[in-house]
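Single chain ahead, by itself, as structure tokens, in the form predicted alone.
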Amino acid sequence: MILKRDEPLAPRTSWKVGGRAEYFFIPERHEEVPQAMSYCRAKGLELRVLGGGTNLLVRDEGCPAVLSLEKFRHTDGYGPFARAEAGASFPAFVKKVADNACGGSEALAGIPGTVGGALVMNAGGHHGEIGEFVRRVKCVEPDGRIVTLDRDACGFRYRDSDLKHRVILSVDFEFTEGDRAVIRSRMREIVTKKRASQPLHGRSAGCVFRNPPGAAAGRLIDECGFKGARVGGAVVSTVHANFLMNEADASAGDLLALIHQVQNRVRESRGVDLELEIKVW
């Protein structure tokens, strides 16, 4: 187990904002995760789990304790049956299973972050969600027990799951057999569309708000005339209004203020309460 003190978190997030972690745990074996959890319970510290930091806003004051899964990167199989540890790069894993003619994997193209982070939020898009391909999940319960859950016990739903209070260790997936050329072609098509409609090269955290029933959050924000709205260095993207960009050394406070402005404008103008898709620490 590696333990760091006062570890900067901003460099570990895609927005590049936020404070420090007073305690920063990097377990090197699965069995060390319950140890870190026990340590934090004894000290009365809330322990947060960090994956790729691509769907996360860390407040400027930071947080007490963080558990990083960066040592858990092993992947195996590439199936139709495949296994990945929680800290593995999700885009790299998806590419590998696609290269092994795993049908269905193309639906997950272009999603950033780690396998564990994608799983907890049931990441996906128009073409599918990660939960559809899960067989079982090895994880740590809040009480420190290491357990294995079948897919049905994970509670996958739109951008959420029952895994958010657990620590993911590894995941077993099941895909279908497919045609490698067709899968690669479909992946290129999906990624090309994303690149054309989303600001993928700036400092952002992907879509900030969940789509409300029967509507698209980005369209609602755009209809309210909020593209280009700015607070300090934070700005609503002019490419896709559900992306908030750190364009000029924004603080977490700038981004939070802009988030609240967007929510207030959409509520007043459209009568819709936008819920966050990102996590705020």
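This one's a predicted model, so the numbers in the text were calculated from it and none came from an experiment. Numbering starts at 1 and follows the sequence shown.
A second form of this protein, the form predicted together with a small molecule, is not displayed here; the remarks below concern that form.
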- Item | Interface residue in the model of the complex among L50, L255, V58, A241, criterion: non-hydrogen atom within 4.5 angstroms of the small molecule | L50
- Message: Just to confirm, with a 4.5 Å cut-off on non-hydrogen atoms, which of R186, K96, R83, R166 contacts the small molecule in the model of the complex?
- Response: R166
- Has each of G77, G131 and V134 got a heavy atom lying within 4.5 angstroms of the small molecule in the model of the complex? no
- One stretch from 178-186, 146-154, 119-127, 98-106 that, in the model of the complex, holds residues within 4.5 Å of the small molecule by heavy atom: 119-127
- Using the partner position in the model of the complex, report whether K279 sits within 4.5 Å of the small molecule, counting heavy atoms only. yes
- Task: Verify the contact flag for S237: yes if a non-hydrogen atom of it lies within 4.5 Å of a non-hydrogen atom of the small molecule in the model of the complex, no if not.
- Result: no
- in the model of the complex, does V191 have a heavy atom within 4.5 Å of the small molecule? no
- Using a 4.5 Å heavy atom cut-off, state whether T54 contacts the small molecule in the model of the complex. yes
